[in-house]
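We begin with a single chain expressed as C-alpha cells, specifically the form predicted alone.
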Amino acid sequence: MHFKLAFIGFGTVGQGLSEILLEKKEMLKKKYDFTWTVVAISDIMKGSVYDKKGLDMKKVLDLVKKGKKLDEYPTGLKDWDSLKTIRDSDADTIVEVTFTDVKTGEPAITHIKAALNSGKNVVSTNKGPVVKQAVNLLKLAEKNKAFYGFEGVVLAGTPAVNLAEYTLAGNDINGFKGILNGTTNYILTRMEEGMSYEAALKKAQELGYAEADPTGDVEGLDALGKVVILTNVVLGKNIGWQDVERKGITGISKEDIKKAKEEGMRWKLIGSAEIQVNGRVKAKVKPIKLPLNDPLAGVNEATNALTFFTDELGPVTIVGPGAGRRETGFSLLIDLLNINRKISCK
C-alpha cells in the first residue's frame, strides 16, 4: 500500500523516522509492499510546508539540520498550522510527534482526534493521549474506520504493546513488571559501581539520559505513566495516575546498594500491575530489591525490560532500548507496517 504521510511536529523523533524511511525505502517496498510519500510537515518552531506531489525528504532534512525554516523549501504551500494540515492536506496518515504535556495530553489529543474524525490514521509517540484517553481514542479510530498506533509510548522501539497484542495473543495476561525508565536504571548501575546518587545523576545528565530537571525520571513519574498505559491497554482495566502507588529512587543510598549486594540482590525501579482475585488492579512504581536470578536484575545501564505474566507461557521478558532518536523513530515504523498489514488483509 502507498501511504501519504503528514508530520505534525518534526523534532528528533520525526527526523529519526524520516531517516529510516529513506534508508530502507527499497527494502520496505520489496518485503512489505510498503511505499510512502510525505506530503506535509507542520512544526510550531520549524514552520510548515504542504505539497500534494510530495516533499523531497533529503532536502527537508538538510534544511532543518542547518537550522533553517521549512518556509525555505522551494515548493508547496506554507504557513499552515497543525489542524489545517491535518484536515486539509490529502495525507491519509498523520505522524503525531509534537512536544506535548504528558499530564494533559495536549496538544496531541486535539491533533489525534482531528485526524481520526477526518478518517485519517494516526501513529504517535506521545504518552499523554494514551494515559488520558487510550480507550476513547481507540474507539474513535474504530468508529471512523481508521487506525491509531502508539507502540513507542512504553519502550520506544522495543515492542511492548505489539508483543502483548500479537505475539502473545491467546494468552491471558494478568500482570506485568518492568524497568520502564532507562535513566533511573543507569543511575542505579553507576551506584552499584560505587558512585553516589548525586554523582550518578550528574553523569546521566552529561550523557543526555536525564534532563536538567530530572524529577520525572527519578521520582518515578515517567514509569508511572507507562504503568497506566500498560494496565489500560494490555490488561484491559481503567486506572489513572492517582491509582498507582509511587516512590522514586532519591532515597536509595550507597549503603542500601552495598547491603543489597551482600545479600545477593540488586535494586531496580520497578513499575508493575497485577489483577487481583477480586478483579481489581494493584499498580505501583517503587524501588525493589530483586534476586540476581530474576531476568530484570541482569538488565543494566540505560536499558529497559518488561516481563508479562501469562497463563500459557508463564513469565515472558523482553529487553531493549527504551529511548533514542532512531529507536523511537523505529517504533513509528512498527505502527505504520501494522497499519499496512491490516489494510492489506481486508
Ligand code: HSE
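Here, rigid core means the biggest group of C-alpha atoms that superpose within 1.5 Å across both forms. Just count from 1 along the sequence shown to find any residue number. Please read all numbers here as calculations on a predicted model, not as lab measurements.
The same protein also has a form predicted in complex with ligand HSE, omitted here; what follows describes it.
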Discussion item. Only one of 190, 113, 127, 266 gets a heavy atom within 4.5 Å of ligand HSE in the model of the complex. Which one?
Written reply: 127
Worksheet item: Using a 4.5 Å cut on heavy atoms, which of 131, 210, 257, 270 is close to ligand HSE in the model of the complex?
Response: 210
Worksheet item: When you measure heavy atoms, are 177, 287 and 294 every one within 4.5 angstroms of ligand HSE in the model of the complex?
Response: no
Worksheet item: In terms of non-hydrogen atoms within 4.5 angstroms, which of the given stretches 28-36, 276-284, 50-58, 315-323 touches ligand HSE in the model of the complex?
Response: 315-323
Discussion item. Please determine whether residue 96 contacts ligand HSE in the model of the complex, using a 4.5 Å cut-off between heavy atoms.
Written reply: no
Worksheet entry | 4.5 Å heavy atom contact, residue 248 to ligand HSE in the model of the complex | no
Item to complete: Would you check, heavy atoms only and a 4.5 Å threshold, whether residue 226 touches ligand HSE in the model of the complex?
Response: yes
Worksheet item: With the cut-off set at 4.5 Å between non-hydrogen atoms, does residue 182 touch ligand HSE in the model of the complex?
Response: yes
Discussion item. Using a rigid core superposition, assess whether residue 109 undergoes a CA shift of 2 Å or more between this form and the one not shown.
Written reply: no
Discussion item. Does residue 144 move appreciably between this form and the one not shown, meaning a CA displacement of 2 Å or more on the superposed rigid core?
Written reply: no
Worksheet entry | Rigid core superposition, residue 163 Cα moves 2 angstroms or more between this form and the one not shown | no
